[in-house]
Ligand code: ADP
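Given next, in structure tokens, is a single chain: the form predicted alone.
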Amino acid sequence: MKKAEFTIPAGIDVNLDMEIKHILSDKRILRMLKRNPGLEKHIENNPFVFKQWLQSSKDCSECPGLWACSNSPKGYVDSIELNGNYVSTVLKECRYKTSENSELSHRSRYLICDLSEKELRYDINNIDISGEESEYIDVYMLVKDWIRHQPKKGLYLYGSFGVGKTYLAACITNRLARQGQKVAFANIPQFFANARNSIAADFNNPDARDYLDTQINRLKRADVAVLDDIGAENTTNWVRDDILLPVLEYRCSNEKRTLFTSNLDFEQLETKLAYSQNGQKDEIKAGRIMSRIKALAIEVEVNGPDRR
């Protein structure tokens, strides 16, 4: 039987040589060769791997930032990996993604985090106070001093909408988280809404109870906790007496540093807490909560324009 014969077209070798020369002339490859001259043999043996890498990383070479990334997943780029004689491309973080992860690495120390990525970047040292009124500068300096000395008694920052209360409180937890402390930043209206929703379907559902108990314990035990926007929630006997009071009682008894933000001063908050959603009034229970808040924090008014 006559053996089958295969003839490789002569142009294939020529085209391959041209492809290799084209790859070797690329500026990115030349920079790689300057650092690792032995890479040339890998290019000659695996030209299509390097061609794929050049094509996939083309848009990344002049990328202005993570916001402009069109890759999927965002912030990841093909990278050449050598393993003996084997060459492949693997997905790795780009420089912008690495920088972002480093900038947000303190997020892992938040037991509860109701902050956006933007808010997680807030830093007390990056606040420009050059055009601020003296009242705001005084509060800014007080917050900065509190971060430096970390007294046992926290701050109750109150004032109108948008004056920067949450901003200052986030600066505190961000700085302490970067120092290694376990922190919690809970938006109280959202925290209570999540608590109600978690058991709305079935109060006896163990998974729902476990979720709620876990969140309450995290808020209790954090080294530093912020109860953000307290007083803006819908007050019910349950959230006031079975959630808020035990959290405050635990933190007070264990001298846990606690901060608050609110649109209400102490007197206004006590009035708000005295009335439940159905109009029932209980001044004694409201007084118990306020006694804990006053033991945990000093009242500080934040003035200024709406910054939103």
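Just so it is clear, the model here is predicted, and its values are computed rather than measured. Note that residue numbering begins at 1 and tracks the sequence as displayed.
The next section is about a form of this same protein that is not shown, the form predicted together with the named molecule.
Listed stretches are 106 to 114, 219 to 227, 159 to 167, 176 to 184; the contact stretch with the named molecule in the predicted bound form is 159 to 167, by a heavy atom cutoff of 4.5 Å. This chain appears without its partner; in the predicted bound form, the one residue of L120, A193, I127, V87 with a heavy atom within 4.5 Å of the named molecule is I127. None of the heavy atoms of W146 is located within 4.5 Å of the named molecule in the predicted bound form. Looking at 290 to 308, the residues that come within 4.5 Å of the named molecule in the predicted bound form, counting any heavy atom, are R307, R308.
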